[in-house]
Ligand code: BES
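Given next, in structure tokens, is a single chain: the form predicted on its own.
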């Protein structure tokens, strides 16, 4: 999709569709009044008759019949002015696109009125344009948006920034959309190699045999159940500065639950259990394009979790890279087990600040639904910084606590730590408690449980059902805040 800015009067703008954002009950601004006058009062009449109320995600077309160069005007509802934020700005732009592609719009103009940020529009439009139907031979929609015209003064740097983030996020969504027989651990290593080659990253690939020799016992324990080769991959970027951000992504390319087998109903969606690793890859793609002045090390343990004669059994004991022993109570809590070694390793490589992304628990869906991911961590200021990055990126993060009493959840009679609690409750927190066992006290760490946000169960007005690429924008914003020293 080509994106460019044009400082043009609305009534002179030529496009298949011109989108004008309006809040509930607001008076038309001068620019929109001029457009309304050119349309013989069609906009004000549509509002007066109640055909458009400005409600969130409302998109009402007005056909211009040649009175202005644009073929149609989209009146776009942005809801109540006091409730509008960066997340809704992206979503509203997405709602326009979801409507536009259904009627064959090829070039879309968006009026950047006060309160509407160019980058939010670029990202919203780009994310809404993603088609998850990778293997359909006949497409249901009428194509895609080929041109996005931003009406207003916009710097080229802003356009590039928005496009890079959007394209990288949609690439992540494609990785997640691929079936598990295509996006195997080896295939993901192939993608990591391309990133390393294209962006001159240092790369390290640890296979199962080397993992055993280097005592990645937690990772190797999960990996042994699969016939597919498993790997732990590392990408390193040196941008400068004293701080080094470690980004760790859970990369279970298919999760059957292992011996603790999942119900079959939704198991086909478990190809998305590598969404954390895919998001980490996407972050590195943005880093490669934008070259921030900070250091980033990414690690991702890549394996399947399957039942077999060699697979982990409930009650097995693993010795992690950190030297701590893990009692595996449930083999379906494997993500935290492989992350234990990845977290240990990224700190050994020099990470001073760590964020992990993982589709870790079903409990987060119960707690927060699909509207927010959970964030937990060991240092309040770091958790706050990550949360703020998410807020500006339009990705909601909701902090859950780790109280001293929660540390008792994972006591084991036979090992240093159990991988799940003996009783139900505090499932999201228990996952974080386990991971914190592998964080050095001197380092800042935040855990993002994205199991509720990495995959949409149903279509939204602004996004297709399926993978979302959640986490990429947050971590890019975080990296840029580190670069600025904030």
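A quick note: this is a predicted structure, and the numbers were derived from the prediction, not measured. Positions refer to the first chain, counted from 1.
Keep in mind that the form predicted in complex with the ligand is not shown, yet the notes after this line are about it.
Undergrad: Mark residue 214 yes when one of its heavy atoms lies within 4.5 Å of a heavy atom of the ligand in the predicted complex, and no otherwise.
TA: Taking the distances in the predicted complex, the answer for residue 214 is no, it never comes within 4.5 Å of the ligand.
Undergrad: Can you tell me whether residue 359 touches the ligand? I mean in the predicted complex, with a 4.5 angstroms heavy atom cut-off.
TA: Contact with the ligand, yes.
Undergrad: Taking the ligand as it sits in the predicted complex, is residue 262 near enough to touch it, meaning that at least one heavy atom pair lies within 4.5 angstroms?
TA: Yes, residue 262 lies within 4.5 Å of the ligand in the predicted complex.
Undergrad: Closest heavy atom of residue 365 to the ligand in the predicted complex, within 4.5 Å or not?
TA: Judged by the heavy-atom cut-off of 4.5 Å, residue 365 is in contact with the ligand in the predicted complex.
Undergrad: For the interface check, one of 375 to 383, 338 to 346, 250 to 258, 155 to 163 should have non-hydrogen atoms within 4.5 Å of the ligand in the predicted complex; which one?
TA: Every other range fails; the passing one is 250 to 258.
Undergrad: Of these, 116, 270, 88, 415, which has a heavy atom no more than 4.5 Å from the ligand in the predicted complex?
TA: Going through each option in turn, the one that passes is 270.
Undergrad: Which one of 235, 393, 151, 333 is close to the ligand in the predicted complex, taking close to mean a heavy atom within 4.5 Å?
TA: By the 4.5 Å heavy-atom cutoff, the listed residue in contact is 333.
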